[in-house]
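The chain that follows stands alone, in the form predicted on its own, written as structure tokens.
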């Protein structure tokens, strides 16, 4: 990739997949990005703005992924330049997979933007990051319950130590389009939550 290119013009290797890594500010996205891409990353400036973003590649099971570290955002109703770029990136890459990164100590805050993304019908996977911080604060995150609620793969990670990062990379191929109607029913206790495949950590039931 060439530094300074517009995101919509990123050249992907044949058969590659764009992954938009999205989440609130300060959820450890950059650390997770660095763990997954290593030295294969460049910093670019979004055309027409002063907002920088990082992009990099990695290969998992023979498949090439290009990850774009989307500027942190609390909502898809932008209130500043960084959030505007985040929304434009989603618009420019409607066929991308979205990796929503949550702070394990504040999952409820991150779920707002996660549900906004899911409403767009894009394949999603959720990384519940900073699990070490959650343990230190004695906060328990029920990953299996969250996965049943959302119906997409949910993986716990600690980017600073690398815990769960390999599993997250392997599960990218199982990213799924969420059923917003079914999520609403489950939130209201109606219908039956989808069961994840036994023995498949992070699988949304594919």
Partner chain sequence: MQIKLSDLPFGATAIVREIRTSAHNLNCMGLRIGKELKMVTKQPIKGPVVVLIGELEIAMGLETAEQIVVETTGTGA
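Positions refer to the first chain, counted from 1. Not measured: the values here are computed from a predicted model.
Just so you know, the form predicted together with its partner chain exists too; it's not on screen, but the next bit is about it.
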Margin query: Going by heavy atom distances of 4.5 angstroms or less, which of 135, 91, 120, 106 would be at the interface with its partner chain in the predicted bound form?
Written below: 106
Margin query: Within 4.5 Å, heavy atoms only, which of 139, 177, 144, 64 is in contact with its partner chain in the predicted bound form?
Written below: 139
Notebook entry, point to check: Would residue 77 show up as a contact with its partner chain in the predicted bound form if we use heavy atoms at 4.5 Å?
Noted result: yes
